[in-house]
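We begin with a single chain expressed as structure tokens, specifically the form predicted alone.
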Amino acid sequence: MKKVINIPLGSQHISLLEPVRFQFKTHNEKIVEVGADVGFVHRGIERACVTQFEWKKLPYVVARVCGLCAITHSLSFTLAVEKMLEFESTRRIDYLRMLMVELDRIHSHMLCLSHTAENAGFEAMFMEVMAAREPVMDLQEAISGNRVQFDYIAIGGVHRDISPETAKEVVATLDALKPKIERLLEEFSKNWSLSLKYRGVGMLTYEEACIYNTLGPLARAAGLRTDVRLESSDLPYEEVGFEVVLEKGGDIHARNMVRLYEILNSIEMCKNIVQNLPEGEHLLKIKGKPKGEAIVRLEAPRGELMYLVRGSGKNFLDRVRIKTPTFSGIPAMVEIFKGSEYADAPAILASFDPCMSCTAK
């Protein structure tokens, strides 16, 4: 006999301390229907960007959309404004911006993997991954001056250049991190209770990834070759060794593998950047005020982040529209939950690596 149970997940829940709410309808332990409410919290950042702050201050403001991918938010907005101002960047500026974006990806993926380990009952591994993440945070602080809200991106470049000593520190720290990630890769590849038992759990097929326009690691774990770094010309990723990481399982295990291999690729890219850093200025003067419209897409740790910026040559912009990767991924998340066991919901959720503070902008 089937017992129907309605179960809320979020917004204040042991598995989801985020401003979003899922509603599960279960038949005994199996999830049969899923609803999602992303409007539980609304911070009004887009509105503030066009009413409370002049355009030159907005890289600082939009970085507050999310603490985990602050660099990508501020850079997306800045690139859009620079397009409207017809600003031409230097290769040194591009390389320094890429460096911080990829360091952001490394620490964000490591945070996701630590929570994945915690959900599997590996408390010691959670602490181990978080400890290994600390030197990456230290690097970002050494480069930008801040640990979380970096405020590194400036309209016209970056606020601080990188010294030769810091460049050497980047290489040394990442060289020390690489074997730790390789050991984690082996654990996630061979340990049944950590990752292998999740094969076939929380599965998204290639066809479903296409239907729901899935982004980021969620899509690439299903074999969908989508990554803004492949398509965008805003940053020269083709020069620093970028490779697309794909898996075919579409399940929790595949998403773990994608993030681990992407960390290794980002380590190599960061080393290539600091070892081949072009000469030039790190900050240039800008002229004029934004007029017209520009759209910029960047690959944040969770997938495509898109900014639409519109201005009419005034101190305040007319429109700042932000589309975040987690918001775009919610239709796929809802579909993945259907048919899963309720006991697997926390592990499935952790494998999404949701960033709901971005979504609740």
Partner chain sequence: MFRSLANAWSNMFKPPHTVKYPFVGDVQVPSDYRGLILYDVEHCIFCDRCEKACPPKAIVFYQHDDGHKEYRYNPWLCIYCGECVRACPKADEALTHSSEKPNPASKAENVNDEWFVWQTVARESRERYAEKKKAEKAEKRAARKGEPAGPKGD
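Here the structure is a predicted model, which is why all the values come from computation and not from measurement. Positions refer to the first chain, counted from 1.
The next section is about a form of this same protein that is not shown, the form predicted in complex with its partner chain.
Residue R160 is the only one of H115, K197, K271, R160 with a heavy atom lying within 4.5 Å of its partner chain in the predicted complex. This chain lacks the partner; the member of E141, E182, E243, E86 within 4.5 angstroms of its partner chain in the predicted complex by a non-hydrogen atom is E141. Remark: of stretches 149 to 157, 244 to 252, 71 to 79, 263 to 271, the one touching its partner chain in the predicted complex is 149 to 157 (heavy atom within 4.5 Å). The closest non-hydrogen atom of A172 lies beyond 4.5 Å of its partner chain in the predicted complex. Taking non-hydrogen atoms only, G288 never approaches its partner chain to within 4.5 angstroms in the predicted complex. The closest non-hydrogen atom of G145 lies within 4.5 Å of its partner chain in the predicted complex. Residue contact with its partner chain in the predicted complex: K57 places a heavy atom within 4.5 Å of it.
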